[in-house]
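Coming up is one lone chain in structure tokens, specifically the form predicted alone.
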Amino acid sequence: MNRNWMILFLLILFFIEGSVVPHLIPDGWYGRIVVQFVFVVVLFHGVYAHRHTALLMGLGFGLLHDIVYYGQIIGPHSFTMGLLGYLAGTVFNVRHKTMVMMLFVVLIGSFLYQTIIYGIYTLFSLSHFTYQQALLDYIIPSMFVQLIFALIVYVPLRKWFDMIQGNNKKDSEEA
């Protein structure tokens, strides 16, 4: 049941990314900030819950991003979101997960996400920026937006994942 609530939450974030947030971004920053709230939650899921579920959520919601928001190529966002969700769960699989560590994961994940997307778009000649221009124009500003979102949702998501882990432990003890 908790997975269904997580998917509903991700769907709501997906719709907020495309409908509400563009109206909140100032006109001068409109093309420069890429909002990836769903990706941040996929990273949280990879670190605090299951990396395999994060992989599947990343593939599914990345494909939605490819189809709905970025229609030039189908697959780059799906591949990148799934891969980085899985890697976050694999690399940062430590016992004591702190807020600083999670914010580091979001910063590195957001940087890698935007860099991989830039690389794929450059490979297929869809982006004509140099990497330095892309870094200054949209990668760094987008990283800070993802970091602020991660700070806002850290406590509720951490409590949610702790509650899920507690329920899973209780269920396994009863069986």
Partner chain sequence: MCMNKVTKRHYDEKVLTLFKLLGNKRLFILMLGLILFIALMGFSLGNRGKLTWAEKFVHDTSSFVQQVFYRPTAAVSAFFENVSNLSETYEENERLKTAYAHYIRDKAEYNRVKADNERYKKLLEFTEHQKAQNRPYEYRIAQVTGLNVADPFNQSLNINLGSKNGVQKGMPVIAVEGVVGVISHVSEFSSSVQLLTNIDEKSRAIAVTVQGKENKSFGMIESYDHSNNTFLMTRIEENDPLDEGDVIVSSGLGGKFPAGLIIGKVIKRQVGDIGLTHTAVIEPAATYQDWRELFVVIPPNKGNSSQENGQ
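Predicted model, so just to flag it, every value in this text is computed and none were measured. Positions refer to the first chain, counted from 1.
As for the form predicted together with its partner chain, it is not shown, yet the points below apply to it.
Although the partner is absent here, L103 is not a contact residue: none of its heavy atoms lies within 4.5 angstroms of its partner chain in the predicted complex.
None of the heavy atoms of P141 is located within 4.5 Å of its partner chain in the predicted complex.
Using a 4.5 Å cutoff between non-hydrogen atoms, F149 does not count as a contact of its partner chain in the predicted complex. In the predicted complex, at least one heavy atom of V20 sits within 4.5 Å of a heavy atom of its partner chain. Residues from 71-89 that approach its partner chain in the predicted complex with a non-hydrogen atom closer than or equal to 4.5 Å are G71, Q72, I73, I74, G75, P76, H77, S78, F79, L83, Y86, L87, in the order they occur in the chain.
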